[in-house]
Each structure stands twice: as structure tokens, then as C-alpha cells.
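Below you will find one chain, with nothing else, as C-alpha cells; this is the form predicted alone, and questions on how it binds or moves follow later.
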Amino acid sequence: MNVYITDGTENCFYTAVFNACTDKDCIVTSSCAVQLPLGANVVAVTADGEKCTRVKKKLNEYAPHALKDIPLLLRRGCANKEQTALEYIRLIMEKKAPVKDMLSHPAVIAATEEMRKVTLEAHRFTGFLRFMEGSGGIFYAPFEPDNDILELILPHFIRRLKNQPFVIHDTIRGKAALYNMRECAIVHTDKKVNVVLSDCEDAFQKLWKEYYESVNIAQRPHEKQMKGYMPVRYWKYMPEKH
């Protein structure tokens, strides 16, 4: 069995698909923690522009919408995302037609569910993301999403905060979006960011905590209900929960 190891980029994945699509008994992954089957032949994949283009051309011919679906699948924060995308592409190549409506097929079911998880999390973070004002007037919002959704939520916040410089930091993947009211850049960093809050932000956080405590009834705890409305994993960067 061949195991194609990619670097996690879209182009490298499509390069692996060029061979793996006809290699029926193989695995494609970017995970370093993948458990290799006994006797596996590891193939390190390097992005190849020509192979990548040929795969995309075929997808555009058979199922143009798949060129939007595959990038979503590759944003999943799980080890088998490339394999799920590969099975979806194999089905398209086999049918030589769009397969999105084949809702009973295992490959379509898996792909649809994985894409739903990505878009749902992106939608939730447009409401759950919390910004804090730094001493320099730049707003900073750290978050830890399950999926790689920074680029998906960015247009929303550029529209909402178009006259405000901000930083949105995916601390899990070590990358951040920097917006200066004119343009936006994605940068990668493994360094921990320490933000000095402005006096105004510090005061607002204290007021918010006091308000939260005043409306909460200590004799009637409702933690279970709160977790139902908002999962615990969203609480880390919410001041009222600290």
C-alpha cells in the first residue's frame, strides 16, 4: 500500500491526487501522526504545477462546484481530511459528472458532513469572536478553532470593522490576519502574543464581569444550560468566564 504524504497545501494535495486517484489501495494524508499500515510504501509528495493543473482541469470539466468543495474539505482539522477529499474526487472521476446530489453514497455523505462542520464553525465564530483593545488602539482577537477557518471569517470582520485596525490570531495554527484599514495580510508565527490592554478595555472588561455577576443567581447555578447554549471550548477568551 502506498501512503502519499503531503505538506498540507492545496497544490500538494492535487499533485498527490494525480497518482492516488487511480491507485485504489492507498492513503493520502498531511498528518505526521498517521499510523502506517504494515508494509506501507511512504511517498513524499512535492507540489507539481502541471499535475495540479491537470487534476483541476478535469474537476472543472466534470463538476465545477468541486473546486470550491475541495478547499473546504482541506480546512478540516482532522487527520483523514485528504482521504475524504480523495474519495470524493474518485467518485467524480468515475461518474464524470457532479455527484453532490448522490446523498446516499458514502463518499458524498462523508464529504458533505465534513464541509458542514467547517462552514458551521466559521459561522459561529463570526458571533463568538471577542476583540480586545490594545494600548496602541489595535483590536486583537485570539481564537482556537477546530478547523482552519481564519480566511473564511476574515471578509466578515473586514466589512464590520473596515475603519478599525485589528488582528485575528489563530493560536492553534500559529497564523494571524493583520488589517490596517487599507489591506490585509496573513502572517505565520509560533511566538506567543502578549497584549497590553488599553485603560478603556480594562475598564470595560471589569464592567462586563460585574454585570455578569450581578445578573447571575448564585443559588440557582445553570452551568449545564450555559454549556447547551455555548460549548465550553468557546469560553477561553470570554472575559465573563474568567
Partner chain sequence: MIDAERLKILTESAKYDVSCSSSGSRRANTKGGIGNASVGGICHSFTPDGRCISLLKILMSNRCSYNCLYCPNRAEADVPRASATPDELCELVIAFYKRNYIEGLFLSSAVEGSPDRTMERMLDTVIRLRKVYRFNGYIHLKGIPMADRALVSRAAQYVDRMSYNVELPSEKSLRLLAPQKTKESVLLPMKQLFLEKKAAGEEKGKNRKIFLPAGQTTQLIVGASPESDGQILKLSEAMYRRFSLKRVYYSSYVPVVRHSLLPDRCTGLLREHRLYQADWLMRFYGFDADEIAKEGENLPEEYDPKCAWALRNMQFFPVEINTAPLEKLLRVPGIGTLGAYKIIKARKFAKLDFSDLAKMRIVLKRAKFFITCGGKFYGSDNYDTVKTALMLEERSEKYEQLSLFSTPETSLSVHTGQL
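Positions refer to the first chain, counted from 1. For the two forms, the rigid core is made up of the largest set of C-alpha atoms that agree within 1.5 Å on superposition. As the structure is a computational prediction, the values presented were derived from the model and not from experiment.
The same protein also exists as the form predicted in complex with the partner chain; that form is not shown, yet it is the one meant from here on.
By the 4.5 Å heavy atom rule, the three marked residues N19, C32 and Y62 all fail to count as contacting the partner chain in the predicted complex. Not displayed here, the partner chain is approached by F125 to within 4.5 Å at the level of heavy atoms in the predicted complex.
Heavy atoms of V3 never reach within 4.5 Å of the partner chain in the predicted complex, leaving it off the interface. In the predicted complex, at least one heavy atom of M102 sits within 4.5 Å of the partner chain.
Taking the partner from elsewhere, F143 is found to have every heavy atom lying beyond 4.5 Å of the partner chain in the predicted complex.
Stretch 208-216 is the contacting one of 188-196, 169-177, 208-216, 50-58, since its residues have non-hydrogen atoms within 4.5 Å of the partner chain in the predicted complex.
For the partner-free chain shown, E113, R116, L120, H123, F125, T126, G127, F128, L129, R130, F131, E133, F139 of 113-142 come within 4.5 angstroms of the partner chain in the predicted complex, judged by any non-hydrogen atom.
K224 is among the residues whose C-alpha shifts by 2 Å or more between the shown form and the other one once the rigid core is aligned.
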